[in-house]
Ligand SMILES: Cc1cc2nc3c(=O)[nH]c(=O)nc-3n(C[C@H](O)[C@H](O)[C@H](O)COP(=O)(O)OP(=O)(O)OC[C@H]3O[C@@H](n4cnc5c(N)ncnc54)[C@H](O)[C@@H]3O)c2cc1C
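There is one chain below, alone, in C-alpha cells, taken in the form predicted alone.
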C-alpha cells in the first residue's frame, strides 16, 4: 500500500503522525510539502481537549481556566475535565518528525502540486510537472469544490509586549465583547505568553459581503482601542501582526473521490460555529489511520449527528442577521462555574438531554432559527 499526503501543513503532518503511530504496516508514506503560504514554523493553534493526544509533546502552554466578558460581566470559568492548550508550529513539526523518523517508511518531498488525477487503481499527483503514483492520496491542497460559505471568520492579531507586567500568564481571555458590534458580531481574544507578552486578537463572524479594506481598518481600530482603553496599556509595542479569513460552512463536503480523500480544511474540518479545527483534524487523522489499518481503505469514518450542523447553521444565521445576538448567546452559555458542558457540546459529543439543559436559557431568536432549519 503506497500512501501520498498532498500538503505538509497541519492536516498533512497530523495524518503522517497518526499513520506512523499504527503498529500495522502501512507504508511507504510520502508527504509532499506544497508550501504556498505561511511556513508551518510561524503558525500556532489553540484548542481544548478532555483526553491525552498523540502529539501532546508539542503543547507549549496548558490552561485549566479562561476569562470571559459578556453582558457587562466578567467571569473566570473553570474547564472541568478539559484543558485549553496552545501548540507552536515549530514544536508541532518537531514532534511529527520524531514520530515519523521512528516509523522508517515516511519520506518528505517539497514541490508544487498542480493536479491530482486517477491512475489505474490509484492516483497520480503532479509535483513540479512530474507524476508521483500512490494507492491512496490524502489531499489538503487542491480539494473538492468547496460548499457555499454561510459566513466568514476574520481575525487580526497583534503580538503585544509591555514594559511592565500586564497579563496573567495562567488565564487566557476566551472572549471579551467590549468592542463594537455595528459591522459584525465581534469579540477580543487574549492569549498570554508571559506577564509582559500576549497575542491580542480581534475576531469577527461576518457575511461575505462585508469583507474588504474597510474591515481591515475596523479591526485595527478595534485592536488599538482595546489595547489602550480596555486593557489600559500605555507603554507597549506591537511586534507582529497576523491575520486570516476562514469560510464557515455548515454544508457537508463530498471529500472522497475514489482513491483520493480530502483532509483538513478542504474536508470541512473547521467547526462552523467556532472556527476551531486542530482537535477535529487530530480525531479525523486517527480515524483515517485506523480505517486504513483495519479495513484496507480510509472511508470507515464516524459521522456526527446531523443536529450539530443544524445548531451551527442556526447560530450563523442569527448572528449574521443581528450581530448583537452573539454576545447574548455567549453570555447565556458561559453563565456557569464550569465550561465543560459547553465545550462538550462544541466537541459534538454531548447527549440530547445535556443539550436540552445547556440550550434552555438561550435567546428565543436561536430557537426560531433552529425551527426554520427543520422546515
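Positions refer to the first chain, counted from 1. Keep in mind it's a predicted model, so treat the numbers as computed, not measured.
One more form of this protein exists, namely the form predicted together with the named molecule; it is left out here, but the text below deals with it.
Against the named molecule in the predicted bound form, the set 205, 342 and 355 makes no contact: no member has a heavy atom within 4.5 Å. At a distance threshold of 4.5 angstroms between non-hydrogen atoms, residue 277 is in contact with the named molecule in the predicted bound form.
None of the heavy atoms of residue 308 is located within 4.5 Å of the named molecule in the predicted bound form. Residue contact with the named molecule in the predicted bound form: residue 46 places a heavy atom within 4.5 Å of it. Within this chain, residue 298 is remote from the site of the named molecule in the predicted bound form, having no heavy atom within 4.5 Å.
Only one of the listed residues (107, 228, 180, 243) places a non-hydrogen atom within 4.5 angstroms of the named molecule in the predicted bound form, and that residue is 243.
Of the residues given (55, 29, 32, 331), 32 alone sits with a heavy atom within 4.5 Å of the named molecule in the predicted bound form. Stretch-level contact check against the named molecule in the predicted bound form with heavy atoms at 4.5 Å: of 261-269, 300-308, 229-237, 284-292, the positive one is 261-269. Contacts of stretch 1-26 with the named molecule in the predicted bound form, defined by any heavy atom lying within 4.5 Å, are made by 7, 8, 9, 10, 11, 12, listed in sequence order.
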